[in-house]
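In what follows, one protein chain appears twice in different forms, each by itself as C-alpha coordinates: structure 1 and structure 2.
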Structure 1
(Lines of atoms letter the chains of each structure in order from A and count residues from 1; the text may use other names and numbers.)
(Lines give C-alpha, C1' and ligand atoms only; values in the text may rest on other atoms or scores of the structure.)
Protein backbone atom coordinates (compact mmCIF):
# COMPACT_ATOMS: atom_id res chain seq x y z
CA UNK A 1 0.00 0.00 0.00
CA UNK A 2 1.42 3.38 -0.99
CA UNK A 3 1.89 5.91 1.83
CA UNK A 4 -0.64 8.73 1.72
CA UNK A 5 0.57 12.30 1.47
CA UNK A 6 -0.94 14.82 3.83
CA UNK A 7 -3.09 17.45 2.09
CA UNK A 8 -0.53 20.12 2.97
CA UNK A 9 2.43 18.14 1.59
CA UNK A 10 0.52 17.21 -1.57
CA UNK A 11 -0.25 20.89 -2.09
CA UNK A 12 3.40 21.85 -1.49
CA UNK A 13 4.52 19.35 -4.14
CA UNK A 14 1.97 20.68 -6.60
CA UNK A 15 3.07 24.22 -5.84
CA UNK A 16 6.73 23.37 -6.38
CA UNK A 17 5.94 21.97 -9.81
CA UNK A 18 3.40 24.38 -11.28
CA UNK A 19 1.60 26.84 -9.08
CA UNK A 20 -1.02 29.34 -10.17
CA UNK A 21 -0.78 32.94 -9.02
CA UNK A 22 -3.74 35.29 -8.93
CA UNK A 23 -3.67 39.08 -8.61
CA UNK A 24 -6.70 40.82 -7.17
CA UNK A 25 -5.94 44.28 -8.51
CA UNK A 26 -3.80 44.90 -11.59
CA UNK A 27 -2.38 48.36 -10.95
CA UNK A 28 1.20 49.53 -11.39
CA UNK A 29 2.73 47.46 -8.59
CA UNK A 30 0.93 44.28 -9.67
CA UNK A 31 1.99 44.87 -13.28
CA UNK A 32 5.61 45.34 -12.20
CA UNK A 33 5.48 42.00 -10.40
CA UNK A 34 3.75 40.24 -13.29
CA UNK A 35 6.30 41.59 -15.76
CA UNK A 36 9.20 40.49 -13.56
CA UNK A 37 7.78 37.01 -12.96
CA UNK A 38 7.22 36.40 -16.68
CA UNK A 39 10.43 37.94 -18.03
CA UNK A 40 12.53 36.04 -15.49
CA UNK A 41 10.67 32.83 -16.36
CA UNK A 42 9.57 32.22 -12.76
CA UNK A 43 6.18 31.22 -14.16
CA UNK A 44 4.51 31.15 -17.55
CA UNK A 45 1.83 33.74 -18.40
CA UNK A 46 -0.68 30.88 -18.42
CA UNK A 47 -0.04 30.39 -14.69
CA UNK A 48 -1.03 33.95 -13.82
CA UNK A 49 -4.61 35.16 -13.33
CA UNK A 50 -5.93 38.64 -12.76
CA UNK A 51 -9.10 40.46 -11.84
CA UNK A 52 -9.69 44.15 -11.30
CA UNK A 53 -12.52 46.47 -10.33
CA UNK A 54 -11.81 48.51 -13.47
CA UNK A 55 -12.31 46.31 -16.58
CA UNK A 56 -10.18 48.59 -18.74
CA UNK A 57 -7.09 48.22 -16.58
CA UNK A 58 -7.53 44.45 -16.43
CA UNK A 59 -7.95 44.23 -20.21
CA UNK A 60 -4.76 46.22 -20.75
CA UNK A 61 -2.84 43.94 -18.37
CA UNK A 62 -4.18 40.80 -20.07
CA UNK A 63 -3.27 42.10 -23.53
CA UNK A 64 0.20 43.25 -22.45
CA UNK A 65 1.29 40.13 -20.58
CA UNK A 66 -1.02 37.45 -22.04
CA UNK A 67 -2.21 36.36 -18.60
CA UNK A 68 -5.62 34.88 -17.80
CA UNK A 69 -8.58 37.10 -16.97
CA UNK A 70 -11.09 36.30 -14.24
CA UNK A 71 -14.45 38.03 -14.21
CA UNK A 72 -14.57 38.10 -10.42
CA UNK A 73 -12.38 37.54 -7.38
CA UNK A 74 -14.25 34.42 -6.26
CA UNK A 75 -13.30 32.57 -9.45
CA UNK A 76 -9.70 33.71 -9.13
CA UNK A 77 -9.45 32.49 -5.52
CA UNK A 78 -10.96 29.13 -6.45
CA UNK A 79 -8.42 28.70 -9.27
CA UNK A 80 -5.17 29.92 -7.70
CA UNK A 81 -2.72 28.50 -5.16
CA UNK A 82 -1.22 31.90 -4.35
CA UNK A 83 -3.41 34.99 -4.19
CA UNK A 84 -1.84 38.44 -4.26
CA UNK A 85 -3.91 41.24 -2.75
CA UNK A 86 -2.78 44.16 -4.89
CA UNK A 87 -5.58 46.66 -4.34
CA UNK A 88 -5.15 50.03 -2.61
CA UNK A 89 -4.84 49.79 1.20
CA UNK A 90 -8.06 51.72 1.79
CA UNK A 91 -9.93 49.33 -0.51
CA UNK A 92 -8.60 46.08 0.91
CA UNK A 93 -10.80 45.52 4.01
CA UNK A 94 -14.04 46.09 2.14
CA UNK A 95 -12.86 43.98 -0.79
CA UNK A 96 -11.86 40.87 1.13
CA UNK A 97 -14.66 40.80 3.73
CA UNK A 98 -17.13 39.12 1.33
CA UNK A 99 -14.36 36.88 -0.03
CA UNK A 100 -12.96 35.49 3.23
CA UNK A 101 -14.92 32.24 3.11
CA UNK A 102 -13.63 31.51 -0.41
CA UNK A 103 -10.05 30.92 0.75
CA UNK A 104 -8.78 27.54 1.93
CA UNK A 105 -6.12 26.57 4.47
CA UNK A 106 -3.60 25.49 1.82
CA UNK A 107 -3.49 28.79 0.01
CA UNK A 108 -0.87 31.49 0.45
CA UNK A 109 -2.13 35.06 0.55
CA UNK A 110 0.37 37.81 -0.26
CA UNK A 111 -0.64 41.34 0.67
CA UNK A 112 1.02 44.33 -1.01
CA UNK A 113 -1.07 46.84 0.96
CA UNK A 114 0.97 49.35 2.93
CA UNK A 115 -0.24 49.86 6.50
CA UNK A 116 -2.41 46.71 6.66
CA UNK A 117 -0.83 44.64 9.44
CA UNK A 118 -0.60 40.86 9.70
CA UNK A 119 -2.89 41.01 12.71
CA UNK A 120 -5.58 42.78 10.69
CA UNK A 121 -5.21 40.30 7.84
CA UNK A 122 -5.33 37.31 10.18
CA UNK A 123 -8.64 38.50 11.62
CA UNK A 124 -10.18 38.37 8.16
CA UNK A 125 -8.30 35.37 6.69
CA UNK A 126 -7.52 33.21 9.71
CA UNK A 127 -7.51 29.98 7.70
CA UNK A 128 -4.68 30.94 5.33
CA UNK A 129 -0.93 31.49 5.49
CA UNK A 130 -0.30 35.18 5.05
CA UNK A 131 2.67 37.12 3.73
CA UNK A 132 3.09 40.88 3.75
CA UNK A 133 5.41 41.66 0.88
CA UNK A 134 6.76 44.93 -0.50
CA UNK A 135 8.72 45.05 -3.75
CA UNK A 136 10.07 48.29 -5.19
CA UNK A 137 9.85 49.34 -8.82
CA UNK A 138 13.45 48.36 -9.77
CA UNK A 139 12.06 44.81 -9.56
CA UNK A 140 11.05 45.53 -13.16
CA UNK A 141 14.72 45.20 -14.15
CA UNK A 142 15.62 42.47 -11.63
CA UNK A 143 17.33 45.00 -9.33
CA UNK A 144 14.58 45.26 -6.75
CA UNK A 145 14.53 45.01 -2.98
CA UNK A 146 11.70 42.70 -1.97
CA UNK A 147 10.98 42.53 1.74
CA UNK A 148 8.50 40.21 3.41
CA UNK A 149 7.18 39.15 6.80
CA UNK A 150 5.05 36.05 7.41
CA UNK A 151 2.51 34.92 9.99
CA UNK A 152 3.79 31.33 9.74
CA UNK A 153 7.39 30.41 10.55
CA UNK A 154 7.51 27.71 7.90
CA UNK A 155 10.68 26.96 5.94
CA UNK A 156 8.72 25.62 2.96
CA UNK A 157 6.74 28.85 2.82
CA UNK A 158 9.98 30.86 2.84
CA UNK A 159 11.36 28.66 0.05
CA UNK A 160 8.30 29.32 -2.11
CA UNK A 161 8.49 33.09 -1.62
CA UNK A 162 12.22 33.21 -2.32
CA UNK A 163 11.83 30.95 -5.36
CA UNK A 164 9.22 33.33 -6.75
CA UNK A 165 10.99 36.60 -6.08
CA UNK A 166 14.77 35.95 -6.12
CA UNK A 167 14.87 36.59 -9.89
CA UNK A 168 13.45 40.06 -9.25
CA UNK A 169 16.25 41.21 -6.97
CA UNK A 170 17.35 41.07 -3.34
CA UNK A 171 14.79 39.18 -1.23
CA UNK A 172 14.86 39.83 2.51
CA UNK A 173 12.75 38.29 5.25
CA UNK A 174 12.44 40.81 8.08
CA UNK A 175 11.96 40.01 11.75
CA UNK A 176 8.80 41.97 12.47
CA UNK A 177 6.47 44.63 11.15
CA UNK A 178 8.55 47.49 12.53
CA UNK A 179 11.37 46.36 10.26
CA UNK A 180 8.88 45.85 7.44
CA UNK A 181 7.79 49.48 7.77
CA UNK A 182 11.42 50.63 7.70
CA UNK A 183 12.05 48.58 4.55
CA UNK A 184 8.90 49.95 2.89
CA UNK A 185 9.95 53.54 3.56
CA UNK A 186 13.64 53.19 2.73
CA UNK A 187 13.42 50.93 -0.32
CA UNK A 188 9.96 51.27 -1.85
CA UNK A 189 9.21 54.91 -1.06
CA UNK A 190 12.96 55.45 -1.07
CA UNK A 191 13.08 54.83 -4.81
CA UNK A 192 10.86 57.88 -5.22
CA UNK A 193 13.13 59.90 -2.93
CA UNK A 194 16.11 59.03 -5.14
CA UNK A 195 14.23 60.10 -8.29
CA UNK A 196 13.44 63.42 -6.61
CA UNK A 197 17.16 63.97 -5.93
CA UNK A 198 17.97 63.04 -9.52
CA UNK A 199 15.52 65.66 -10.76
CA UNK A 200 17.39 68.33 -8.78
CA UNK A 201 20.68 67.07 -10.26
CA UNK A 202 19.37 67.24 -13.81
CA UNK A 203 17.83 70.70 -13.31
CA UNK A 204 21.14 72.13 -12.07
CA UNK A 205 23.06 70.65 -15.01
CA UNK A 206 20.52 72.00 -17.50
CA UNK A 207 20.85 75.45 -15.95
CA UNK A 208 24.54 75.27 -16.93
CA UNK A 209 23.65 74.93 -20.60
CA UNK A 210 23.46 71.17 -21.17
CA UNK A 211 20.58 69.79 -23.26
CA UNK A 212 17.94 67.90 -21.22
CA UNK A 213 18.83 64.49 -22.70
CA UNK A 214 22.54 64.98 -21.95
CA UNK A 215 21.79 66.31 -18.45
CA UNK A 216 19.59 63.27 -17.79
CA UNK A 217 22.30 60.90 -18.99
CA UNK A 218 24.93 62.61 -16.83
CA UNK A 219 22.65 62.37 -13.79
CA UNK A 220 21.69 58.73 -14.30
CA UNK A 221 25.28 57.63 -14.93
CA UNK A 222 26.49 59.46 -11.81
CA UNK A 223 23.95 57.71 -9.57
CA UNK A 224 24.41 54.39 -11.35
CA UNK A 225 28.20 54.58 -11.23
CA UNK A 226 28.23 55.44 -7.53
CA UNK A 227 25.83 52.58 -6.77
CA UNK A 228 27.81 50.04 -8.79
CA UNK A 229 31.07 51.16 -7.21
CA UNK A 230 29.56 50.71 -3.75
CA UNK A 231 28.13 47.33 -4.77
CA UNK A 232 31.50 46.09 -6.02
CA UNK A 233 33.48 47.46 -3.05
CA UNK A 234 32.17 45.11 -0.39
CA UNK A 235 35.19 45.60 1.85
CA UNK A 236 34.73 49.37 1.98
CA UNK A 237 32.11 51.20 4.02
CA UNK A 238 30.19 54.05 2.42
CA UNK A 239 32.20 56.41 4.62
CA UNK A 240 35.42 54.96 3.16
CA UNK A 241 34.17 55.44 -0.41
CA UNK A 242 33.19 59.02 0.38
CA UNK A 243 36.64 59.72 1.80
CA UNK A 244 38.25 58.49 -1.43
CA UNK A 245 36.52 61.20 -3.49
CA UNK A 246 36.98 63.98 -0.94
CA UNK A 247 40.28 65.79 -0.72
CA UNK A 248 40.89 68.27 2.08
CA UNK A 249 39.81 71.80 1.07
CA UNK A 250 38.83 70.50 -2.38
CA UNK A 251 35.70 70.96 -4.50
CA UNK A 252 33.87 67.92 -3.09
CA UNK A 253 34.69 68.94 0.48
CA UNK A 254 33.23 72.41 -0.12
CA UNK A 255 29.97 70.97 -1.42
CA UNK A 256 29.74 68.44 1.41
CA UNK A 257 30.32 71.15 3.98
CA UNK A 258 27.41 73.12 2.55
CA UNK A 259 25.17 70.02 2.56
CA UNK A 260 25.98 69.47 6.22
CA UNK A 261 25.42 73.12 7.13
CA UNK A 262 22.03 72.92 5.43
CA UNK A 263 21.30 69.76 7.47
CA UNK A 264 20.46 67.62 4.44
CA UNK A 265 20.66 64.52 6.63
CA UNK A 266 18.08 65.98 9.01
CA UNK A 267 15.76 66.82 6.11
CA UNK A 268 16.04 63.29 4.70
CA UNK A 269 15.45 61.70 8.08
CA UNK A 270 12.39 63.89 8.54
CA UNK A 271 11.09 62.76 5.13
CA UNK A 272 11.58 59.11 6.11
CA UNK A 273 9.70 59.65 9.37
CA UNK A 274 6.84 61.45 7.61
CA UNK A 275 6.50 58.50 5.22
CA UNK A 276 6.51 56.07 8.18
CA UNK A 277 3.85 58.17 9.91
CA UNK A 278 1.65 57.99 6.81
CA UNK A 279 2.09 54.22 6.80
CA UNK A 280 0.80 54.12 10.39
CA UNK A 281 -2.09 56.42 9.50
CA UNK A 282 -3.14 54.01 6.74
CA UNK A 283 -3.35 51.23 9.32
CA UNK A 284 -5.57 53.38 11.55
CA UNK A 285 -7.77 54.48 8.65
CA UNK A 286 -8.49 50.89 7.70
Structure 2
Protein backbone atom coordinates (compact mmCIF):
# COMPACT_ATOMS: atom_id res chain seq x y z
CA UNK A 1 0.00 0.00 0.00
CA UNK A 2 1.41 3.38 -1.01
CA UNK A 3 1.41 6.16 1.61
CA UNK A 4 -1.92 8.04 1.64
CA UNK A 5 -1.99 11.52 0.17
CA UNK A 6 -1.05 13.90 2.93
CA UNK A 7 -4.20 15.60 4.29
CA UNK A 8 -2.86 18.95 3.11
CA UNK A 9 -2.27 17.78 -0.44
CA UNK A 10 -5.57 15.90 -0.56
CA UNK A 11 -7.33 19.05 0.58
CA UNK A 12 -5.53 21.12 -2.02
CA UNK A 13 -6.22 18.64 -4.77
CA UNK A 14 -9.83 17.79 -4.09
CA UNK A 15 -11.42 20.83 -2.47
CA UNK A 16 -9.49 23.78 -3.76
CA UNK A 17 -9.05 22.13 -7.19
CA UNK A 18 -5.92 24.17 -7.62
CA UNK A 19 -3.72 21.29 -8.62
CA UNK A 20 -1.32 21.60 -11.51
CA UNK A 21 -1.68 19.09 -14.30
CA UNK A 22 1.13 18.50 -16.76
CA UNK A 23 0.92 16.72 -20.11
CA UNK A 24 4.11 15.14 -21.43
CA UNK A 25 3.09 14.98 -25.07
CA UNK A 26 0.49 17.39 -26.41
CA UNK A 27 -0.85 15.28 -29.29
CA UNK A 28 -4.43 14.38 -30.22
CA UNK A 29 -5.59 12.83 -26.99
CA UNK A 30 -3.85 15.33 -24.71
CA UNK A 31 -5.45 18.19 -26.63
CA UNK A 32 -8.90 16.57 -26.36
CA UNK A 33 -8.39 16.16 -22.62
CA UNK A 34 -7.14 19.72 -22.17
CA UNK A 35 -10.16 21.01 -24.11
CA UNK A 36 -12.54 19.00 -21.88
CA UNK A 37 -10.86 20.15 -18.68
CA UNK A 38 -11.02 23.81 -19.66
CA UNK A 39 -14.44 23.90 -21.33
CA UNK A 40 -15.98 22.13 -18.36
CA UNK A 41 -14.17 24.39 -15.91
CA UNK A 42 -12.57 21.48 -14.07
CA UNK A 43 -9.41 23.56 -13.90
CA UNK A 44 -8.23 26.93 -15.17
CA UNK A 45 -5.86 27.00 -18.16
CA UNK A 46 -3.24 28.45 -15.80
CA UNK A 47 -3.25 25.14 -13.88
CA UNK A 48 -2.29 23.16 -17.00
CA UNK A 49 1.26 22.65 -18.25
CA UNK A 50 2.50 20.98 -21.40
CA UNK A 51 5.70 19.88 -23.06
CA UNK A 52 6.16 18.08 -26.36
CA UNK A 53 8.99 16.51 -28.34
CA UNK A 54 8.46 18.71 -31.40
CA UNK A 55 7.89 22.41 -30.63
CA UNK A 56 5.16 23.02 -33.24
CA UNK A 57 2.44 20.96 -31.55
CA UNK A 58 3.25 22.46 -28.17
CA UNK A 59 3.06 25.98 -29.53
CA UNK A 60 -0.31 25.27 -31.15
CA UNK A 61 -1.68 23.78 -27.92
CA UNK A 62 -0.40 26.68 -25.83
CA UNK A 63 -1.87 29.24 -28.23
CA UNK A 64 -5.23 27.46 -28.54
CA UNK A 65 -5.83 26.77 -24.87
CA UNK A 66 -3.66 29.42 -23.18
CA UNK A 67 -1.94 26.81 -21.02
CA UNK A 68 1.61 27.04 -19.69
CA UNK A 69 4.49 25.77 -21.75
CA UNK A 70 7.44 23.85 -20.27
CA UNK A 71 10.65 23.63 -22.25
CA UNK A 72 11.26 20.04 -21.09
CA UNK A 73 9.68 17.15 -19.21
CA UNK A 74 11.95 17.59 -16.20
CA UNK A 75 10.62 21.11 -15.54
CA UNK A 76 7.08 19.86 -15.99
CA UNK A 77 7.58 17.01 -13.49
CA UNK A 78 9.07 19.44 -11.00
CA UNK A 79 6.07 21.79 -11.33
CA UNK A 80 3.03 19.51 -11.51
CA UNK A 81 0.99 17.50 -8.96
CA UNK A 82 -0.47 15.30 -11.68
CA UNK A 83 1.63 14.21 -14.65
CA UNK A 84 -0.13 12.73 -17.68
CA UNK A 85 2.04 10.52 -19.89
CA UNK A 86 0.38 11.26 -23.23
CA UNK A 87 2.93 9.95 -25.69
CA UNK A 88 2.69 6.80 -27.85
CA UNK A 89 3.59 3.61 -25.97
CA UNK A 90 6.85 3.13 -27.88
CA UNK A 91 7.99 6.63 -26.81
CA UNK A 92 7.21 6.17 -23.11
CA UNK A 93 10.37 4.37 -21.91
CA UNK A 94 12.64 6.88 -23.68
CA UNK A 95 10.74 9.77 -22.16
CA UNK A 96 10.42 8.46 -18.61
CA UNK A 97 13.40 6.24 -17.85
CA UNK A 98 15.97 9.06 -17.61
CA UNK A 99 13.61 11.11 -15.42
CA UNK A 100 12.22 8.42 -13.11
CA UNK A 101 14.06 9.79 -10.08
CA UNK A 102 12.53 13.25 -10.60
CA UNK A 103 9.03 12.09 -9.60
CA UNK A 104 8.04 12.40 -5.94
CA UNK A 105 5.80 10.22 -3.78
CA UNK A 106 2.88 12.65 -3.62
CA UNK A 107 2.64 12.93 -7.37
CA UNK A 108 -0.02 11.21 -9.39
CA UNK A 109 1.03 9.80 -12.74
CA UNK A 110 -1.65 9.03 -15.32
CA UNK A 111 -0.54 6.90 -18.25
CA UNK A 112 -2.56 6.84 -21.45
CA UNK A 113 -0.18 4.47 -23.19
CA UNK A 114 -1.94 1.41 -24.60
CA UNK A 115 -0.25 -1.89 -23.80
CA UNK A 116 1.96 -0.65 -20.93
CA UNK A 117 0.69 -2.37 -17.81
CA UNK A 118 0.44 -0.96 -14.32
CA UNK A 119 3.13 -3.38 -13.20
CA UNK A 120 5.53 -2.16 -15.90
CA UNK A 121 4.83 1.42 -14.90
CA UNK A 122 5.34 0.62 -11.22
CA UNK A 123 8.76 -0.81 -12.00
CA UNK A 124 9.72 2.50 -13.60
CA UNK A 125 8.05 4.80 -11.09
CA UNK A 126 7.86 2.85 -7.83
CA UNK A 127 7.53 5.97 -5.68
CA UNK A 128 4.36 7.47 -7.22
CA UNK A 129 0.65 6.76 -7.40
CA UNK A 130 -0.06 5.46 -10.88
CA UNK A 131 -3.26 5.41 -12.86
CA UNK A 132 -3.59 3.63 -16.17
CA UNK A 133 -6.38 5.26 -18.08
CA UNK A 134 -8.06 4.33 -21.36
CA UNK A 135 -10.45 6.78 -22.96
CA UNK A 136 -12.13 5.99 -26.28
CA UNK A 137 -12.52 8.43 -29.16
CA UNK A 138 -16.11 9.51 -28.32
CA UNK A 139 -14.42 11.28 -25.37
CA UNK A 140 -13.75 13.97 -27.98
CA UNK A 141 -17.48 14.79 -27.84
CA UNK A 142 -17.91 14.09 -24.12
CA UNK A 143 -19.56 10.71 -24.79
CA UNK A 144 -16.56 8.53 -24.03
CA UNK A 145 -16.07 5.53 -21.83
CA UNK A 146 -13.04 6.25 -19.69
CA UNK A 147 -11.76 3.29 -17.73
CA UNK A 148 -8.92 3.32 -15.26
CA UNK A 149 -7.01 1.03 -12.97
CA UNK A 150 -4.93 2.33 -10.07
CA UNK A 151 -2.05 0.97 -7.99
CA UNK A 152 -3.62 2.48 -4.90
CA UNK A 153 -7.10 2.33 -3.33
CA UNK A 154 -7.02 5.86 -1.98
CA UNK A 155 -10.55 7.27 -2.28
CA UNK A 156 -9.31 10.86 -2.62
CA UNK A 157 -7.36 9.72 -5.66
CA UNK A 158 -10.52 8.21 -7.15
CA UNK A 159 -12.41 11.45 -6.52
CA UNK A 160 -9.75 13.43 -8.36
CA UNK A 161 -9.81 11.11 -11.37
CA UNK A 162 -13.61 11.25 -11.53
CA UNK A 163 -13.56 15.06 -11.29
CA UNK A 164 -11.01 15.28 -14.05
CA UNK A 165 -12.57 12.89 -16.52
CA UNK A 166 -16.35 13.07 -15.93
CA UNK A 167 -16.53 15.89 -18.50
CA UNK A 168 -15.30 13.44 -21.13
CA UNK A 169 -17.96 10.78 -20.51
CA UNK A 170 -18.66 7.74 -18.35
CA UNK A 171 -15.76 7.12 -15.96
CA UNK A 172 -15.31 3.73 -14.35
CA UNK A 173 -12.66 2.17 -12.20
CA UNK A 174 -11.83 -1.39 -13.14
CA UNK A 175 -10.40 -3.93 -10.74
CA UNK A 176 -7.36 -5.28 -12.53
CA UNK A 177 -5.46 -5.56 -15.79
CA UNK A 178 -7.80 -8.30 -17.08
CA UNK A 179 -10.77 -6.00 -16.79
CA UNK A 180 -8.70 -3.19 -18.25
CA UNK A 181 -8.06 -5.36 -21.29
CA UNK A 182 -11.77 -6.15 -21.60
CA UNK A 183 -12.53 -2.44 -21.47
CA UNK A 184 -9.83 -1.63 -24.05
CA UNK A 185 -11.21 -4.22 -26.46
CA UNK A 186 -14.91 -3.59 -25.98
CA UNK A 187 -14.92 0.22 -25.66
CA UNK A 188 -11.78 1.58 -27.35
CA UNK A 189 -11.35 -0.98 -30.12
CA UNK A 190 -15.10 -1.47 -29.77
CA UNK A 191 -15.67 2.01 -31.19
CA UNK A 192 -13.86 0.82 -34.31
CA UNK A 193 -15.88 -2.41 -34.41
CA UNK A 194 -19.09 -0.39 -34.32
CA UNK A 195 -17.86 1.76 -37.24
CA UNK A 196 -17.15 -1.43 -39.20
CA UNK A 197 -20.73 -2.60 -38.62
CA UNK A 198 -22.03 0.81 -39.61
CA UNK A 199 -20.10 0.55 -42.88
CA UNK A 200 -21.88 -2.73 -43.71
CA UNK A 201 -25.21 -1.01 -42.97
CA UNK A 202 -24.44 1.97 -45.18
CA UNK A 203 -23.17 -0.24 -48.04
CA UNK A 204 -26.37 -2.29 -48.06
CA UNK A 205 -28.57 0.80 -48.00
CA UNK A 206 -26.59 2.31 -50.89
CA UNK A 207 -26.98 -0.92 -52.88
CA UNK A 208 -30.73 -0.42 -52.51
CA UNK A 209 -30.45 2.89 -54.36
CA UNK A 210 -29.94 5.54 -51.68
CA UNK A 211 -27.30 8.25 -52.19
CA UNK A 212 -24.23 7.83 -49.90
CA UNK A 213 -25.00 10.86 -47.75
CA UNK A 214 -28.57 9.70 -47.13
CA UNK A 215 -27.42 6.12 -46.49
CA UNK A 216 -24.84 7.42 -44.02
CA UNK A 217 -27.45 9.49 -42.20
CA UNK A 218 -29.91 6.57 -42.07
CA UNK A 219 -27.17 4.36 -40.62
CA UNK A 220 -25.89 6.84 -38.08
CA UNK A 221 -29.36 7.79 -36.90
CA UNK A 222 -30.32 4.12 -36.51
CA UNK A 223 -27.28 3.39 -34.32
CA UNK A 224 -27.70 6.66 -32.42
CA UNK A 225 -31.44 6.14 -31.93
CA UNK A 226 -30.97 2.57 -30.70
CA UNK A 227 -28.20 3.69 -28.33
CA UNK A 228 -30.21 6.60 -26.96
CA UNK A 229 -33.29 4.43 -26.53
CA UNK A 230 -31.24 1.88 -24.61
CA UNK A 231 -29.62 4.63 -22.57
CA UNK A 232 -32.98 6.19 -21.67
CA UNK A 233 -34.64 2.84 -20.90
CA UNK A 234 -32.12 1.65 -18.37
CA UNK A 235 -34.79 -0.26 -16.45
CA UNK A 236 -35.14 -2.56 -19.47
CA UNK A 237 -32.54 -5.15 -20.40
CA UNK A 238 -31.25 -5.17 -23.97
CA UNK A 239 -33.20 -8.43 -24.44
CA UNK A 240 -36.42 -6.61 -23.44
CA UNK A 241 -35.73 -3.83 -25.94
CA UNK A 242 -35.03 -6.38 -28.66
CA UNK A 243 -38.25 -8.23 -27.85
CA UNK A 244 -40.18 -4.96 -28.26
CA UNK A 245 -39.07 -4.58 -31.90
CA UNK A 246 -39.49 -8.26 -32.75
CA UNK A 247 -42.90 -9.73 -33.49
CA UNK A 248 -43.29 -13.46 -33.99
CA UNK A 249 -42.75 -14.48 -37.63
CA UNK A 250 -42.25 -10.79 -38.47
CA UNK A 251 -39.58 -9.02 -40.53
CA UNK A 252 -37.14 -8.41 -37.67
CA UNK A 253 -37.54 -11.99 -36.48
CA UNK A 254 -36.59 -13.31 -39.93
CA UNK A 255 -33.44 -11.19 -40.00
CA UNK A 256 -32.50 -12.17 -36.44
CA UNK A 257 -32.96 -15.84 -37.17
CA UNK A 258 -30.52 -15.54 -40.03
CA UNK A 259 -28.02 -13.64 -37.87
CA UNK A 260 -28.16 -16.46 -35.35
CA UNK A 261 -27.82 -19.18 -37.98
CA UNK A 262 -24.76 -17.38 -39.36
CA UNK A 263 -23.36 -17.22 -35.82
CA UNK A 264 -22.67 -13.50 -35.84
CA UNK A 265 -22.16 -13.62 -32.06
CA UNK A 266 -19.45 -16.25 -32.43
CA UNK A 267 -17.70 -14.18 -35.13
CA UNK A 268 -17.77 -11.09 -32.92
CA UNK A 269 -16.55 -12.96 -29.85
CA UNK A 270 -13.71 -14.38 -31.90
CA UNK A 271 -12.75 -10.88 -33.05
CA UNK A 272 -12.81 -9.58 -29.47
CA UNK A 273 -10.50 -12.41 -28.36
CA UNK A 274 -8.12 -11.70 -31.27
CA UNK A 275 -7.98 -8.05 -30.23
CA UNK A 276 -7.29 -9.11 -26.62
CA UNK A 277 -4.42 -11.32 -27.80
CA UNK A 278 -2.96 -8.42 -29.75
CA UNK A 279 -3.15 -6.31 -26.60
CA UNK A 280 -1.10 -8.95 -24.78
CA UNK A 281 1.45 -9.12 -27.61
CA UNK A 282 1.84 -5.33 -27.57
CA UNK A 283 2.45 -5.41 -23.82
CA UNK A 284 5.19 -8.03 -24.33
CA UNK A 285 6.81 -6.05 -27.18
CA UNK A 286 6.88 -2.84 -25.16
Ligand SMILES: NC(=O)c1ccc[n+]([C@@H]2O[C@H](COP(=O)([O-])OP(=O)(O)OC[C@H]3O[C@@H](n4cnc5c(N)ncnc54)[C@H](OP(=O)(O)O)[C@@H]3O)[C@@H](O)[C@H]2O)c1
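Numbering follows the first chain given and starts at 1. Predicted, not measured: the structure shown is a model, and the values here were computed from it.
Each structure shows the same chain on its own, and structure 2 is the form predicted in complex with this ligand. Two rigid parts of the chain turn against one another between structure 1 and structure 2, and the hinge residue out of 214, 223, 36, 149 is 149. Treated as two rigid bodies, the chain between structure 1 and structure 2 differs by a rotation of the smaller body against the larger of 10 degrees.
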